[in-house]
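Single chain ahead, written as structure tokens, the form predicted on its own.
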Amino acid sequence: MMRRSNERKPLVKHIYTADPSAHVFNGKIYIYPSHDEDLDLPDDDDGGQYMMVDYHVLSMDDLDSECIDNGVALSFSDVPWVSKQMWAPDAVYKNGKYYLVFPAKDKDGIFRIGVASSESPVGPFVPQDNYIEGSYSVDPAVFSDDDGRTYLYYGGLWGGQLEMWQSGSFNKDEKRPEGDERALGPMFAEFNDDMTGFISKPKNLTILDERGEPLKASDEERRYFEGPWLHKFNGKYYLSYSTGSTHYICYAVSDTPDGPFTYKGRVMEPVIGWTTHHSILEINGEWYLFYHDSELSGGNNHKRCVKYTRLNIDSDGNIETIKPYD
């Protein structure tokens, strides 16, 4: 099958973009990425090199058209509680408004999740006064189910601080799960109707292996690390995510939005650069993976570019593994 003219190419080159959350609103494609700053900083495991300060919304009339940068949609200076590091966002249309859901560090250096709204999918977005009570960590992905309920999937290890909340409160010295200990999954919560809070306390999701046992922390090729995404196919819920240290995008399937999810396989092999973060979107009956790599910057881990490629899902719901440079 021939590739589209834009497929597997940087969608914009004038700024560095990463972590694309893609959606179709009113027949048009909108991409909500993080915006990598063009800074020369050393890499570290806590993500200190990712010093994003604003969000730009990208849009395309279709998959073969020019990708447009619609400018700054929200800046850290607009949000009273934010101190720095506006990482990977997502967006959702609900109640006649567009909501940008984003993580950032508060004044105490703790990652929280905030919400901003707009009448337009490209913003500008007006933030709520404070972060969502009970929220923490990074990488929010918002999923609207067929019944109108709105769920949030989020969480990232290491610099994303997810493991620092195992006790129920923030502890920067909390021990990470290791060895045969149960791996942490992403967090799950349900938004209330006006997107100002959670209906119930967030819970950690379980990802099972083929025997029905929870994945172990040492299983770095399959266990969750960051970057969750949720899509639905033939009535089943597909949780896809990054394995972090082994650089795969994997997926697991459940009959319910809150799991447990059973591991099924890989969506994508490693890309150029340390991080991998994606979204999955159906467009005109075909499926596509939006992702990033560091090709545009020659391999710099915190100067990335957003791309897309076709995603093949067979009639049984199995995803064909993508090799990004074949």
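Residue numbers here begin at 1 and follow the sequence given. Treat the numbers as computed from the prediction; the structure is a model and nothing was measured.
The form predicted together with ligand FUB is left out here; the points below concern that form.
Note on the partner interface in the predicted complex: the residue among Ala88, Leu162, Leu100, Ala252 having a heavy atom within 4.5 angstroms of ligand FUB is Ala88. The contact with ligand FUB in the predicted complex, taken as any heavy atom within 4.5 Å, belongs to Met52 out of Leu281, Val271, Met52, Ile31. In the predicted complex, at least one heavy atom of Thr275 sits within 4.5 Å of ligand FUB. Screening 194-202, 142-150, 80-88, 230-238 for residues having heavy atoms within 4.5 Å of ligand FUB in the predicted complex returns a single hit, 80-88. Contact residues in stretch 282-301 (any heavy atom within 4.5 Å of ligand FUB, taken in the predicted complex) are limited to His292.
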